[in-house]
Ligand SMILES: Cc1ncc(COP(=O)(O)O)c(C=O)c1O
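Just the one chain here, laid out as structure tokens, in the form predicted on its own.
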Amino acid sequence: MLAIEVGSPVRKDPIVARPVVYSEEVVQAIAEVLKSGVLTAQHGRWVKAFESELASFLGVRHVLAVSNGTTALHTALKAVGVGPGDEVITTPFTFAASATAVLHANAVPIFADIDRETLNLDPASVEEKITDRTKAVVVVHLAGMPAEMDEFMKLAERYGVKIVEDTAQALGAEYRGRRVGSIGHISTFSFYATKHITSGEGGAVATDVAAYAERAKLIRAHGEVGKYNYELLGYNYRMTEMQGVLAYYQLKQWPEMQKRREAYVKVLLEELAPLEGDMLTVPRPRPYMKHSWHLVQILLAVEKLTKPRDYVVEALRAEGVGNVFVAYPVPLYKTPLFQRREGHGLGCPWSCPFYGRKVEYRPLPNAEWAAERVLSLLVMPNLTEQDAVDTAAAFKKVLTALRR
């Protein structure tokens, strides 16, 4: 009997995915920062050290650390010139910030459909959405799966649009031998607590284009050039020194933490193999891609189940799979924010006089197909191979019991 129906669970102690951040070295470095009284990046060394390390890791010329992944996206969009009257194309099958950052830039988000195999933005659908108002495309590397960057860069050359890589979920992933975040015109990262490396909150902007880096630097810190001399409208998006310490040491630990992630995923996929092609599908990277496994996205064969996807999630949690959730249950264009055209008051940016057009958010079949089938497993470096075995056992137990 399923645990959700008062049976015995697969795991009595639930699986919990959490970051690995503690070490004596980190504690000592944070203590030194506190003792020094230098808490901001303006006068400290840790944020600068982290920026240098991340630039080397990615193979790019410029990295600017910021306060979080959302401010990174806003900064990147403003740096490439996105503003009122512009359209920015992105995926509806992602976290809200990929689209709300467009609103923060006072531009109009346009949604294109996704590829069913990778769950990433489909370049062909993006091309169909390009107009004379399209300024940029925010390409999300969802769950650690690289997007088809060659195709997006061809679109950039053909139509003169800027490619912003949203790499919040894909630090260390590779596309044709290059780290994602080093391919587009500008890229963004998140160091939230669930990401590959974490500073609690935090983010970064990366680019090889000096002009974008200089503009991003101004946007990050009030647009200030010299003391009290303001060049443009900026914000306070700076990372603190304590965040810089955590991010620096986390990046140093990335290779070992990534090995742990990959070991967990390898066993999990081997154990789930008997269910694949029948009860579920796991999107896999193509031969020229390296997945970095922020999430394992699983697509259920919902038509073969007697209960809906959300019941399956609750049943798995009852079996002790504490790292299961749904990313993402609703395409962004169906959420109240976009249905009501919420923005900066009076309907902006949709009603912006510089825009002068009407946007209709129509259904995108692949995004809706994925949203009703997907469930997700958060992958963190504390997870073990035994956790993977138990997770697969829970899937087998639940899906067998609920098979139509």
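Residue indices: 1-based, along the sequence shown. Computed from a predicted structure; not experimentally measured.
The same protein also has a form predicted in complex with the ligand, omitted here; what follows describes it.
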* To do: May I ask you to state whether residue 349 is within 4.5 Å of the ligand in the predicted complex, using heavy atom distances?
  => no
* Tell me, yes or no, whether residue 215 is in contact with the ligand in the predicted complex, where a contact means a heavy atom of each within 4.5 Å. => no
* Asked: Taking 4.5 angstroms as the cut-off for heavy atoms, does residue 192 touch the ligand in the predicted complex?
  -> yes
* **Non-hydrogen atom contact residue 202 with the ligand in the predicted complex at 4.5 angstroms** => yes
* Asked: Of these, 250, 118, 98, 297, which has a heavy atom no more than 4.5 Å from the ligand in the predicted complex?
  -> 98
* Of 145, 164, 206, 168, which residue is found within 4.5 angstroms of the ligand in the predicted complex when only non-hydrogen atoms are counted? -> 168
* Contact segment among 253 to 261, 311 to 319, 222 to 230, 69 to 77, judged by heavy atoms lying within 4.5 Å of the ligand in the predicted complex -> 69 to 77
* Asked: For the stretch 327 to 347, which residues lie within 4.5 Å of the ligand in the predicted complex by non-hydrogen atom distance?
  -> 328
